[in-house]
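First, one chain by itself: the form predicted alone, in structure tokens.
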């Protein structure tokens, strides 16, 4: 049988030959061909504002010109494309910049472990190392946490959809901050469970958390809660692991999501935007006294992406040698927050969630959130949902999105929220009912 090459806008090959596991493309069903900054271009000539940014892997936007130039120069001089964990000039430059420009100014002292290229592999490494250091097996994770879909990380992931009913031992689930409302301090609940020898919870090797739960619905933990959990971890001999895969690299306003909280985790997981360019790269920051690996004890052929070292070094030097990006993130976050507060008035019971450039609108039902996102796409805006029922419309625009582009995207979103409520009037009722239930629970 002769295979016919697809035409410029033909996307039937994906339906015919790609696995059913494909996800994002089902909502954004077009053929993308180019991207720069916060805009993407499709084969049919349509331009889209990108409020998804590679699900947080493109914090600085698409094809940063300085990163592109550095990468092209590296390739043209026959710089290594693949180096296992050998010493290379690209890795040396990145390590020097990362430690001098990011860790040292923040008073942080970590060894840098390059894991496999995915965030879930780095989470696996963190969990394995915690178990090795402590000699314990149990990991405490939290409701609505998302840490990846390989088996160890999946055990710590809360989503029933992702867990697929698989046997996933070694993790105890605890309620995240404000899971029961403002009147219940879940850190106290955690401490009491660990204090009680008959609670049924084994002494933990680690406590694993996200400061802002991206896939879990943009739940942002209070600094006081995170400090309390850090104290509990230390008290009971557990390592504190912060998963900054999505919330790190400037997404919450500072490079690390836990900055300014007087907390220094034992282990920090970074991925997604650490390369700055969307190239696969993950790393684990390890306190020196916790770095108890034997050589190649956690390995992988692609630990350390040489091309990603090139673009990551540019990202550090360009965006994190001064405070100008943090100031822009703060301005953009205020713009997003104000716009979402306005949109919340359009949907009975809706409310805003998140922190920094990781904010969204809880509209109560997945059906309404889905309708909003579909209308946005029809109007030239790419935006997704999150939460246990996909009920949160989630803004993950590049942190340095130009103000005019950001405002255009927010205007499309507002119009889509308004029209989705009007076109689906019954969808607002469950939101109001949910808000009433929450008020009763708090009362």
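A quick note: this is a predicted structure, and the numbers were derived from the prediction, not measured. Positions refer to the first chain, counted from 1.
The following text describes the form predicted in complex with another copy of the chain, which does not appear among the structures shown.
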Residue 324 within 4.5 Å of another copy of the chain in the predicted complex, heavy atoms | no
For residue 271, is any heavy atom within 4.5 Å of another copy of the chain in the predicted complex, or not?
-> yes
Would residue 380 sit within 4.5 Å of another copy of the chain in the predicted complex, counting heavy atoms only?
-> no
If you check in the predicted complex, is residue 177 within 4.5 Å of another copy of the chain, heavy atoms only?
-> no
In the predicted complex, the residue from 293, 351, 225, 320 with a non-hydrogen atom within 4.5 Å of another copy of the chain is 293
Listed residue that, although another copy of the chain is not shown, lies within 4.5 Å of it in the predicted complex (heavy atoms), from 346, 263, 112, 102 | 112
Stretch from 250-258, 336-344, 183-191, 358-366 whose residues place a heavy atom within 4.5 Å of another copy of the chain in the predicted complex | 183-191
Those residues of 287-315 which, in the predicted complex, come within 4.5 Å of another copy of the chain by heavy atom | 291, 293, 294, 295, 296, 297, 298, 299, 301, 302, 303, 305, 307
